[in-house]
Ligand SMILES: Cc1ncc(COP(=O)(O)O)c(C=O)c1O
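Next up: a single chain in structure tokens, the form predicted alone.
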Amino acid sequence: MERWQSKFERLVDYELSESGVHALQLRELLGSEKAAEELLDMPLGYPQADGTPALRSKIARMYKGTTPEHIFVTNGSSEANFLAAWNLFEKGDEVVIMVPNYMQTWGLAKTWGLKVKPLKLREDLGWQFDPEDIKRLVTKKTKAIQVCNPDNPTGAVMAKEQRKALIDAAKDSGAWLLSDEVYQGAERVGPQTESLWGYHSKTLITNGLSKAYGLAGLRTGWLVGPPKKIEDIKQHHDYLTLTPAKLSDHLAQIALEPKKQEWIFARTRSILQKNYPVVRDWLEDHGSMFSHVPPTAGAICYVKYNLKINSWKLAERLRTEKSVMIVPGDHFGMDGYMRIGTGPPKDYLLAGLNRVDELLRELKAGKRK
């Protein structure tokens, strides 16, 4: 998915494969001339390799019982995911991974020769897993359990019963709990999703400023974990990007000021609450062609379609014939589904969906190329 998006997402008229809200402008984030002058006067030397104490302190306040020593700043949450996996995984290990999910950890586990056991989310349960499944899948041999909460691509937030079953399974087995929480703060409805931090001693949380904050270009992510494990993971980072970016560290501190963070999350919720009904109404206008479970969080809508075409072929025809990108269910191992981004400006979203309609009409008319 990432390779396909990286290759084509800037070459289409309508990019509906993104899972975050449309980006903030730098002047919006800075908010004042004084903040702009401070940025312009900043020397561009190497920053602190694990994130400045000021930034790590701001992140630590978001996780109960943590200090800056529990926090490690990375270049995006994808680097945080990679570092956690690189540190923990060894060939032959057994891991349980929630699916569908952002497939980075799944791909790394498969590439590195691990035994992967899928914990399947069920559409008939509102994209929750059956608690009995995790009891069956997780054993004393399980090295780690990896989840995404809120989930990508479904937009589901883990329910109370499932949270308890997950934490109990991790504690009983002694497995590491890896929780990708990058969509926390992008809730369309309901309260902010509670982190899984603080319930099991062997927990690593990844998060960042891309999805809920509209600041993907800063490439700021972080790991939260036990200080001893964080120190161990830092050694792996020395072989990768070495440090986060100096400007990104400074701008991330601004984004995580309590009042600014509150404003950013309110902006994100407003965008999602305005845009999801656009997609919902568009889907309903097509009758039995589409079905979906309304997403609780994330600028995404995971849609099941009733068409005789493979999801990858559908996505490729949309890209090449209509200059629109969506994410095919094949990228999550689920043909017959597609993920539509709900985060662009409303007029842009409507125009992109109109292009999708053009291809749907051709498919219904039996046109093939």
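We number the residues from 1 along the sequence you see. Nothing here was measured: the structure is a model prediction, and the numbers come from that model.
What follows is about the form predicted in complex with this ligand, which we do not show.
- For the options Q162, T154, S248, S77, the one in contact with this ligand in the predicted complex, meaning a heavy atom within 4.5 Å, is S77.
- Scanning C148, A252, L223, A297 against this ligand in the predicted complex with a 4.5 Å heavy atom cut-off leaves one residue, C148.
- Here the chain stands by itself, but in the predicted complex one stretch of 269-277, 124-132, 235-243, 207-215, 207-215, has heavy atoms within 4.5 Å of this ligand.
- Using a 4.5 angstroms limit between non-hydrogen atoms, L178 is distant from this ligand in the predicted complex.
- Within this chain, Q184 is remote from the site of this ligand in the predicted complex, having no heavy atom within 4.5 Å.
- For the chain shown alone, W106 is not a contact residue for this ligand in the predicted complex, no non-hydrogen atom being within 4.5 angstroms.
- The shortest heavy atom separation between R219 and this ligand in the predicted complex is within 4.5 Å.
- For the partner-free chain shown, just Y102 of 89-112 comes within 4.5 angstroms of this ligand in the predicted complex, judged by any non-hydrogen atom.
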